[in-house]
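Take a look at this single chain, the form predicted on its own, given in structure tokens.
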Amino acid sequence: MKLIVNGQALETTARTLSELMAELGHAGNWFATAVNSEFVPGSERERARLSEGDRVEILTPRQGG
């Protein structure tokens, strides 16, 4: 299926946000995630189903100022 991940087109076989995170090598719950502008907490990623054309944002915290 085709998704938009952080503004870039991506072809994936992942069916859930959790599977997509694993496919992209993003382990851990320190990432902030959203699907179609809706925040998805780490505890819900396993249940967050993806559909063709979804827009996914994966953000990491940064330090500094």
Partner chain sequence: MPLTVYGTELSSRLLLGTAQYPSPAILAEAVKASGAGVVTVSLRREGLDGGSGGGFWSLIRQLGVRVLPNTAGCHTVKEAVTTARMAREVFGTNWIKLEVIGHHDTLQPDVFGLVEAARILADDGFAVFPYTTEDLVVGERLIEAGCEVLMPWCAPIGSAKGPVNIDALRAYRAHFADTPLIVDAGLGRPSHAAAVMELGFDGVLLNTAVAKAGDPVMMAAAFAQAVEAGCGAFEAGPLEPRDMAVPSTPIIGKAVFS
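Residue numbers count along the first chain shown, from 1. Because the structure is predicted, anything quoted here is derived from the model rather than measured.
Only in words, not in the display: the form predicted in complex with the partner chain, which the text now covers.
Participant: Does any part of Leu3 reach within 4.5 Å of the partner chain in the predicted bound form? Heavy atoms only, please.
Facilitator: Close contact is absent here: in the predicted bound form, Leu3 is far from the partner chain, nothing within 4.5 Å, heavy atoms only.
Participant: Report yes if any heavy atom of Pro41 sits within 4.5 Å of a heavy atom of the partner chain in the predicted bound form; otherwise report no.
Facilitator: Pro41: contacts the partner chain in the predicted bound form.
Participant: Taking 4.5 angstroms as the cut-off for heavy atoms, does Glu19 touch the partner chain in the predicted bound form?
Facilitator: No - in the predicted bound form, heavy atoms of Glu19 and the partner chain never come within 4.5 Å of each other.
Participant: Please tell me whether any heavy atom belonging to Asp54 falls inside 4.5 Å of a heavy atom of the partner chain, as the geometry stands in the predicted bound form.
Facilitator: The answer is no: Asp54 has no heavy atom within 4.5 Å of the partner chain.
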